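As structure tokens, one chain now follows by itself in the form predicted alone.
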């Protein structure tokens, strides 16, 4: 946390010593505790740290205005390294510390592992990036919401692009065997087969963290694929595309929002050029998006990272729901999220009965001259 913002938050915390308003039903605690959970260390920290910064900025903004109903917002930040076995401990720690709502988790597998703990405790959770469809479509987690579209929509975007824009006929679909990557790949396989315009020539998982991906690249080559769709994250994607270049396999590589991150470009280097990835819609025409990004640049002296706008929007949505509900009770917050529209960097959103944000979607991007640009 930068010193300027830390000072603002500390001042807000000190101000709690003064009576600012009478207690509101369902808000008996001294502060409103906003938890932030996600990968803040390890290979996938570039996905989680932007969420922490988004939360810091939104909380500072709220506290500068006096908080919510006279109560300051307190941040509880926990690192789950995007690992399910760690996420359960993270969730338990946040619940034990009295968290009211949680911004996170970041990865679908970690989110799925943690949700039952929050559900039992009556805590609403909102992710900026966990896209596994079952998280909302199963109906198991009425306490879960997200500000990003689900993997079925993302996979459809990728398949439509591969077939209708790139003109792919033989597609290799590979994944990292995780809840996120495999789930997305299975949808991609399904949509390719249903299209009748292309065939899946290979469907296979790779081992995350492997040193060498020669075997899968050789299989893709032998199968005569003219495009690859990969479900997973940037550490594996960067190694696979680099091996493809080394083996002179010159076919289109398409991936997901787990790869649409500047860290992928930094790791893959020149091998990242020409790689396509789906990601949240471009919100640059939205004044709230511009304002949030400018605030980040001013506070942290750098551009925001992956899912920053989705995280900023989630923090706004959660705190707006508490404010409109006048309560931190789960049922009251859920009702407010589903009935109250809130202006955010990703648009004016509310949530359907499953927990998905209405109006968000995906676009395709390509690495060009060392940066992701939207494919028009």
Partner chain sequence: MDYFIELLFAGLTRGSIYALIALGYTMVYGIIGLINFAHGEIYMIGAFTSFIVATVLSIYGFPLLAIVIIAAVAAAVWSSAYGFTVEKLAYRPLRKAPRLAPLISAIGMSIFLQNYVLLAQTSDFLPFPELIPEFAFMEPVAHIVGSSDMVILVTTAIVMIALTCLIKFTKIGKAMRATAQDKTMAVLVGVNVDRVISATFIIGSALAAIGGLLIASHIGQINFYIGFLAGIKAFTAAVLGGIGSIPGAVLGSLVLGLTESFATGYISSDYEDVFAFSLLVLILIFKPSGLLGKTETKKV
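Treat the numbers as computed from the prediction; the structure is a model and nothing was measured. Numbering follows the first chain given and starts at 1.
One more form of this protein should be noted, the form predicted together with its partner chain, which is absent from this view; the next part is about it.
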query: 121, 210, 76, 200 - the one with a heavy atom within 4.5 Å of its partner chain in the model of the complex; finding: 210
query: The single option of 288, 267, 163, 117 touching its partner chain in the model of the complex, heavy atom within 4.5 Å; finding: 267
query: Stretch from 238-246, 191-199, 251-259, 153-161 whose residues place a heavy atom within 4.5 Å of its partner chain in the model of the complex; finding: 238-246
query: Its partner chain contact in the model of the complex: residue 149, any heavy atom under 4.5 Å; finding: no
query: 4.5 angstroms heavy atom contact with its partner chain in the model of the complex for residue 263; finding: yes
query: 4.5 Å heavy atom contact, residue 96 and its partner chain in the model of the complex; finding: no
query: Contact of residue 299 with its partner chain in the model of the complex (heavy atom, 4.5 Å); finding: no
query: In the model of the complex: members of 166-202 within 4.5 Å of its partner chain, any heavy atom; finding: 175, 177
